[in-house]
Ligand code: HMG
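Shown here is one chain on its own, the form predicted alone, set out as structure tokens.
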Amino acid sequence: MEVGIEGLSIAFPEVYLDLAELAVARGVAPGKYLDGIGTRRMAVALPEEDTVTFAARAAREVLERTGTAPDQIGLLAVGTETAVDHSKPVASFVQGLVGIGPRCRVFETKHACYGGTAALQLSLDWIRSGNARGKKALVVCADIARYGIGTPGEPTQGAGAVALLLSDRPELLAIEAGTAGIAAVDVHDFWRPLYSKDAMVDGHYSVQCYLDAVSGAYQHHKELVNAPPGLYSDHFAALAYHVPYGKMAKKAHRQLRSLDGDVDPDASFERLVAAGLMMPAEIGNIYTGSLYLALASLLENTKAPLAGRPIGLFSYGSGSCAEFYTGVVGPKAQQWVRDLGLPARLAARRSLSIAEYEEIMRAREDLDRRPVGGAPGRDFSFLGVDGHRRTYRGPAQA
């Protein structure tokens, strides 16, 4: 049985911050952000937006675009590292807002940026096992990457969600079973204590942990497929990496190609990777969704036909767990993503001034205690906290 991604959708804020302007405001040469990080703009979540609202928007769109009724979903999982409750999963809120019925497994997965891939692989195995009984799985990767104003991590923020509809009709990507390379180790490279809204990172160590994970997962995959010696990665039409920022994906590609014995690993970057970094450069870091934003970007921006060709995907979550897995691009994949109109949606966003951005950041500090009040007429909005309960408005209540 072939299983994989039948449909994909993306949600992101309608405002962004230009990193060149942020660099000037912080007394930094713009090239340090634009070239050194590889990001041009970062999405900024408004006070009425959170992980739940992004996840619900993406989930509703993928159901509508595939013509999938909510009662066809038998498993709903949200991978996130910016949950809104220690107990009640984001997926439960999404279930209610999108209208998915009671005959559905609903849960949240967490392992830093790997959480979405964990949910995806569990869901694929659920379909392959026969327990789906004809139903589909809906996996949403939703996060808000947040760091403090003026901190080293400030230019590596972002926000958004990617929804993946999984079924035995993988019209976008058929994912190969049994060949995923895994690498996991207990490290403290990046974490967020329960008392903190902002993540903490041991920067240089985290980069090394990521690169070690590339080596471990890719080598394991090659062992599983009995890869021939030489430039095995040329077997793929494209490679998508977890993209906390674009420069990290370039480092990852160098590592992977070096493992193949490539003496000039940068020479293949434009051919295999660059198309996947165009959208992440416009949105920034969305944690669990970053790999799948890169996947959408390469399908959108690769000019050559990819249908029927294999691609490789690398997922990493600090702490750490990593996976290198493969899939074959479906016949509708490139057109599907282009029909989402993502370039036009990105172009329609509004640029924030530094003062507006900092005001939003301060407003988000107290969201977990904000009383219920009005919110702009968006499709899904966070209204505030009623007692100790988060409340939301969906399209039906707008």
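The first residue of the sequence shown is number 1, and the count goes up from there. Computed from a predicted model, the values in this text were never measured in an experiment.
Keep in mind that the form predicted in complex with the named molecule is not shown, yet the notes after this line are about it.
Screening 275-283, 152-160, 128-136, 100-108 for residues having heavy atoms within 4.5 Å of the named molecule in the model of the complex returns a single hit, 152-160. Highlighted residues Phe93, Gly96 and Asp366: none comes within 4.5 Å of the named molecule in the model of the complex, counting any heavy atom. With the partner omitted here, the residue from Ser233, Gln121, Ser206, Asn301 that has a non-hydrogen atom within 4.5 angstroms of the named molecule in the model of the complex is Ser206. Of the candidates Ser167, Thr117, Ser318, Ser297, Ser318 is the one whose heavy atoms come within 4.5 Å of the named molecule in the model of the complex; the others do not. Using a 4.5 angstroms limit between non-hydrogen atoms, Pro331 is distant from the named molecule in the model of the complex.
By the criterion of a heavy atom within 4.5 Å, Leu306 is excluded from the residues contacting the named molecule in the model of the complex.
Contact annotation for Ala174: none of its heavy atoms lies within 4.5 Å of the named molecule in the model of the complex. Mapping the unseen interface onto this chain, Pro244 counts among the residues with a heavy atom inside 4.5 Å of the named molecule in the model of the complex.
Applying a 4.5 Å heavy atom cutoff to the named molecule in the model of the complex picks out Ala29, Gly31, Lys32, Asp35 from 13-35, in order along the sequence.
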